[in-house]
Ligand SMILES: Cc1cc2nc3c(=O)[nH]c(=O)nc-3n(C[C@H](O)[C@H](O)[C@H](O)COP(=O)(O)O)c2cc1C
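Listed next as structure tokens is one chain, alone, in the form predicted on its own.
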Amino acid sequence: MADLTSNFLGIRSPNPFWLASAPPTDKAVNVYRAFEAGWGGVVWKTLGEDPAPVNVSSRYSAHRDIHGNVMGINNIELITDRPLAVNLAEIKQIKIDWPDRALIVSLMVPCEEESWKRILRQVEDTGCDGVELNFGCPHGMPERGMGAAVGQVPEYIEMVTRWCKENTKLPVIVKLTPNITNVVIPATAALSGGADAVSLINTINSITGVDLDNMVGYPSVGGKATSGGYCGSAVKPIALNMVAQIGRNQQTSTIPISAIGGIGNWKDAAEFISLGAGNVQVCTAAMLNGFKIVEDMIDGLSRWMDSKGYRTLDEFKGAALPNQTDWKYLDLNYKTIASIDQDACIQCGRCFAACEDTSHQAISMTPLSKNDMAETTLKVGIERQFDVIDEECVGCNLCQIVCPVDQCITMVEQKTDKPYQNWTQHPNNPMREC
């Protein structure tokens, strides 16, 4: 049986699934329920100085797919609006009651060393396992000189991180904002400031939609709207990319990563770990489905690890990173073409429409004769057939993506005598390496 025990910065938890700093970790009753359900740890919803901020109503809006499923949530909620003393007392008691679970406290205070020193002293007294510096909140707090206002300025990241490292013995995790151009820059700043780890991504600036009857964005607060923070399954590709960027970069490759962003099942978690994450944090999936989803996450990851022969998380941590490269080093002579399984094809024509209208006209549509239809006894009512035109197919994968039948269209590698050649070696590249 695979061992899912996580050891992140010396902080042990029975599994790598932590709840991220968010509404699910705002109070003791939530956290008790989470631990009872099986979560390995939590990052307590961000604490700040008293008086606590005032939140608004409404706070959330959703972006849905054409079937109505939630792809992402936009929120304009701020840090905890509960008194600091109440939060600290609850954190202290929970750590006593659940000593085997990870309990990290997220923090955000004004960009003044004394403010950080004061709250760090109070948080240390709770017996928590570490702190996470919230440098990513994209709404509300930046106007007050906190959150993304710090996370978007590398000099501030380094400065505040150094203050915290000088004023606490607890592990310091820096939470990074995705609302930047190059995530390696703030990660490098965090490392320069002495950060023990980074967590990413925080939420992405967003407007999920507009009420066209009242001409106001969602969520609406008294007829007005503001940009919020986007999270959920739709942000996973962005988060995977940023985690990989930090893992691949020579300057930041050694810093431990706690991955956040669109994680909703065991496979998502395994993908982040394969790109170098030490553990994962979950928020939106728990908000949409409840805390018990962790049971499937634990079971699924354990079974997959068993099937692959991985005994511990470390055995596949970062395993996908060596296969990440820059575009210029991809093999220009590698080729695949699409292949359609006619027995599985339902003749919906989506592959044909996509390729014919928007790609390379590499799929033909042939009406079937009555004789053909008579011979095709298993395809009652089928009057056409779609075939790949091999010489026109560039292997772009679009037909496979739009096909509604799993494994009906596959991409088949074409053997070639041409040697590996990347763009740096290609004669059309005027800057090619000699």
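Note that residue numbering follows the sequence shown and begins at 1. Everything numeric here is computed off the predicted structure, so don't read it as measured data.
Keep in mind that the form predicted in complex with the named molecule is missing from the display, and what follows is about it.
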query	finding
Candidate stretches 116-124, 306-314, 185-193, 224-232 - the one whose heavy atoms come within 4.5 Å of the named molecule in the predicted bound form	224-232
Option touching the named molecule, based on a heavy atom within 4.5 Å in the predicted bound form, out of I293, C128, A319, M287	M287
Contact label in the predicted bound form: D268 to the named molecule, heavy atom within 4.5 Å	no
is_contact(T203, the named molecule) in the predicted bound form, heavy atom dist at most 4.5 Å	yes
The named molecule contact in the predicted bound form: M242, any heavy atom under 4.5 Å	no
The named molecule contact in the predicted bound form: V282, any heavy atom under 4.5 Å	yes
The named molecule in the predicted bound form reached by all of G38, R101 and L301, non-hydrogen atom within 4.5 Å	no
Residues in 248-266 close to the named molecule in the predicted bound form, defined by a heavy atom within 4.5 Å, in order	I260, G261, G262, I263
